[in-house]
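The chain below stands alone and is given in structure tokens; this is the form predicted alone.
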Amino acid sequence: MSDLLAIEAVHGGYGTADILNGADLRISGPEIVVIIGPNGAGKSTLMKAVFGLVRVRVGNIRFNGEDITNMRADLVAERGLAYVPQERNVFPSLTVDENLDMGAYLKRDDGKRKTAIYEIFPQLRLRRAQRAGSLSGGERQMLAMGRALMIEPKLLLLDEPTAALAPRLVDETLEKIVEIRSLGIGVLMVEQNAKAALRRADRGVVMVMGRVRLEDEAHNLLARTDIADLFLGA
């Protein structure tokens, strides 16, 4: 059986400048994998490269056995890969309900998928007629994830899903990500609240200078004092 996602010796970035310098990463199935590392390590760039938003100069990316290297983002999404950026991840002038409808652009929804999203995020059901721009930060993040789930992805890419959220909402958001994994969906995420994310993850990878320098089970990374001192904070 092929890996769900295989990133092999990828070099790429913006213009003529490579941010990624031989990045390798594999995801085998519905697991949560957290990418940690210093600022400028290429964490978010790697996610964008997978989704076709950053040019790969060397190397290849395979999803579900198919080469998607430098494939257009809409075609990547058609294959079952969803991406939630850190910012501008909802349509602020549209209602919650309309945002979810926008997420179903690849697959017409008879209402069942939207109902399932509201079961995962019941707070959104209470806000379904409210414009997304008026939601709290935590509600917007849940809406962004809910909209991404409307295409029924096999793998969900999340870039800093808890950025700028209050501690209570950090835990709530991460628990929702665990719930998403329980549906059989893999999750690859970059997360600044690294320790909290690793407590809920299956594996963690450490990126430094555009490469994956270390990969291990999440609980092993949490137990390593050298990793904690460098990357996990208090």
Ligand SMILES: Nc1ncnc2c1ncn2[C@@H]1O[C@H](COP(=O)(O)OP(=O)(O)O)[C@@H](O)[C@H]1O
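Remember, predicted model here, so these are calculated numbers, not experimental data. Residue positions are given as counts along the sequence shown, with the first one as 1.
Not pictured, yet referred to below: the form predicted in complex with the named molecule.
Trainee: At 4.5 Å between heavy atoms, only one of the stretches 180-188, 57-65, 31-39, 163-171 reaches the named molecule in the model of the complex; which one is it?
Mentor: Result of the contact check: 31-39.
Trainee: Quick check: do F91, N99 and L143 each get a heavy atom within 4.5 Å of the named molecule in the model of the complex?
Mentor: Answer is no for this spot.
Trainee: With a cut-off of 4.5 Å between heavy atoms, is S44 one of the residues that contacts the named molecule in the model of the complex?
Mentor: Flag for S44 set to yes.
Trainee: Mark I19 yes when one of its heavy atoms lies within 4.5 Å of a heavy atom of the named molecule in the model of the complex, and no otherwise.
Mentor: Result yes; I19 sits at the interface with the named molecule in the model of the complex.
Trainee: So in the model of the complex, does any heavy atom of R203 sit within 4.5 Å of the named molecule?
Mentor: No, no contact at 4.5 Å.
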